[in-house]
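Alright, two takes on the same chain below, each alone as structure tokens: structure 1 and structure 2.
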Structure 1
Amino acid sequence: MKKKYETPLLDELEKGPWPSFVTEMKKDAQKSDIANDGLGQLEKSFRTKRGYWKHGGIVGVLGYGGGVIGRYSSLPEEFPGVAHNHTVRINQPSGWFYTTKALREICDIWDKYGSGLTNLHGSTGDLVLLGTRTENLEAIFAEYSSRGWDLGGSGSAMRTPSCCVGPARCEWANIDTLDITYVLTQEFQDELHRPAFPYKFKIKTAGCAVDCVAAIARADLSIIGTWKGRIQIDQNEVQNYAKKGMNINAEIVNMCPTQCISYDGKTLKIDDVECSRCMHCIAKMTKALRPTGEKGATILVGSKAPIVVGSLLSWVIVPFIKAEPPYTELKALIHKIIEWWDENAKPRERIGEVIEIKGMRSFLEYIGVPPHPSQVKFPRKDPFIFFKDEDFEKVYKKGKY
């Protein structure tokens, strides 16, 4: 008979209008010792203001160095159900598209070997399965892999590439985010499953600069869909927005980061040369504005959460690159970026930190990308990139500008 824990402190998290993980853990605790003892230990943590999880070294499945995060309780006698409480990451489909059959399959296997608790999704993208024992890991992997699922990334490795829903649900996607993510996942299988990097490396792909996956804030390498042509304007639809109450000058013109839009009450004009393709105006006036011309991607590098030098946002490395199958140029560029980072980083240094330490010059020279004004991180304030005269001479001779 499982011990039933009193959880007055956790009960507070069930109050209010929002769903609570505590409620779900209580449901699962009726059939799972892991969830039940997890509740007991968490209540004790709330009461004593101490954490009782410990990392017990590397744990995983044969042939894989990642995909499993080892976790043990430091109170195994008091809470035996969570003496082992490992997390298993499952590589999600591109754009997080699941059928109900697939979700039931995942949950049925997890109920068989683990706690039954899941997290959809982790910030990296993986479907996360919370709580199992070491002796169950090989069986879990065998059952999932036999049905076509794979483990995700963890540790100092390539993390599972993720993307927005792209052209599957969004007419504004400038690139096929789903295909790019699938192809890159296949390309970097060894880097995903066998950690050999200084630290983690995340790739996220967004179909446009609205960036629904927050790639610019959360990915070491961001692939953002963009275009080279003009923004097509339907002036009749512009007037419809105005008639329905939109203050076009306040909501569109004054919000443009490059101040390339003007509106005189009748006609909306856009100076496309000055446009940074941020998508704000298009996202606000979807019936009136539309990108035209050649589609491709902007490559940004360097965002991360605060650990060593604080949080960083990505900055542009390649303003425009073709993003069409088989993505030869894109894959070659990513390999070069990773090579430079791997050669120059200390343990637990993300690529953005290494660029700040080593400088943009050595990075650009190694990956073979010429300097460009778009690479300036702080426009008109602190360029921090210093160019030599010969840099510009090489570019002009090649006819790049």
Structure 2
Amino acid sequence: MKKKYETPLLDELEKGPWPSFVTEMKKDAQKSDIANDGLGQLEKSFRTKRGYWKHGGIVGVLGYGGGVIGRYSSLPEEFPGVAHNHTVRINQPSGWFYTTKALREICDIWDKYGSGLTNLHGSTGDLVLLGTRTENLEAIFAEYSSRGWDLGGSGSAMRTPSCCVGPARCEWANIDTLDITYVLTQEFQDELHRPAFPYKFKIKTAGCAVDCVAAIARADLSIIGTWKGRIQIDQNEVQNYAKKGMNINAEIVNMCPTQCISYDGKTLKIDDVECSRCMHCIAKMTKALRPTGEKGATILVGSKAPIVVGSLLSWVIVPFIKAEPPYTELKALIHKIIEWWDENAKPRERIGEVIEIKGMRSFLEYIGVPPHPSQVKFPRKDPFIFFKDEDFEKVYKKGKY
């Protein structure tokens, strides 16, 4: 007979229109001691305003160093069900598409070995299974892997790559985000499962500058689709937007950051040479405007959350690269980027931090990327310039000056 917890504070969170996580926990509390005691411990946290989880211990499955996050209650006598409360990360399919058959299989296994609680999905993108015991981990892994599901990344390793919905259901995708993510995940299986990096390394792929996966803000390597050609205009559809009430001058022309659009009430014109491909006009007039011509990706590096010396957005490294199967050039570039980081980082240093310490030049030279004005917001503003002798031999003696 399960202990029945009184949860007056959490019960408050079953009221109101938004779906309640407490209701979800209660559903699983009927089936599982882990979920039941997890609920009891959470009520205590709400009462005392503090958490009761210990630091993660090292747990996992044979041959892997990641994919499972160890979690133990600091109150195992009071809440024995969550004495162990480990998380298992399952590598999600690209774009988070599922068949119900696959999801039901995932649920059945999880009900058998774990709490029944999940996150669909975790911040990195994995399908997260919340709450099981150490002795179940091998069985869980055998059940899932034999059915085609592998674990995701954790710790100082390649983290599970993820992407936006891309060409599967979006007209703006300049690159095949799902395929790139699948191919790169397969490429880095060893790095993903066996943490040997200085710290975590995240890869996210977005099809355009709308960046629905926040690649530019939370991936060490951000791959963002872009294009070089013109914006194709369907003038009839432009008129339809106007007829439906869009104030094209206020909403499109005046909001264009490069002021490259004009509209005389009849015809919309875009000076494509001046367009910076920000996506505003296309996103607001999706029936009228489409990118055309050469498509590819911008490669940016370094973004991270604040720990330790402040958050970073990713920096442009390669303004444009072709990103088509078999992605030979892209893969080679990523290997070089990781190799440089691995050789130069101290433990717990993300690549953005290492570039700051070692210098962008050292990084770009190693990965074989030349300097380009698209990499900077503006050129150096101080006169403290580093020169190498070879700069005089190779560049300045033979250059224009």
Partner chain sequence: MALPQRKTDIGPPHYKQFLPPVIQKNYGKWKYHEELTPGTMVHVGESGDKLWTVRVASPRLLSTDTIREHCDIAEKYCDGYLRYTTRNNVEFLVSDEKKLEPLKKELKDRGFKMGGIGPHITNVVHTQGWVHCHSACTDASGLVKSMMDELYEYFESKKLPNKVRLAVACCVNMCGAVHCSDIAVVAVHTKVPTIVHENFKNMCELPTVIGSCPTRAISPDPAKKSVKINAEKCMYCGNCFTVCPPISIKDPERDGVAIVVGGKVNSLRSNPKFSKLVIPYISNEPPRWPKAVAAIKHIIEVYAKNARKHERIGEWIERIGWERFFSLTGIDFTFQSIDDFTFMRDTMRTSSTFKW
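Sequence positions of structure 1, starting at 1, serve as the residue numbers. We call the rigid core the largest set of C-alpha positions that still match within 1.5 Å between the two forms. Given the structure is predicted, the values throughout are model-derived calculations rather than measurements.
Source of structure 2: the form predicted in complex with its partner chain.
For Gly148, the Cα coordinates differ by under 2 angstroms between the two structures after the core has been superposed.
After superposition on the rigid core, the Cα of Glu12 moves by 2 Å or more between the two structures. Superposition on the rigid core between the two structures places the CA atom of Asn91 less than 2 Å from its counterpart. Here the rigid core is superposed, and Asp234 then shows its C-alpha moved by 2.7 angstrom between the two structures.
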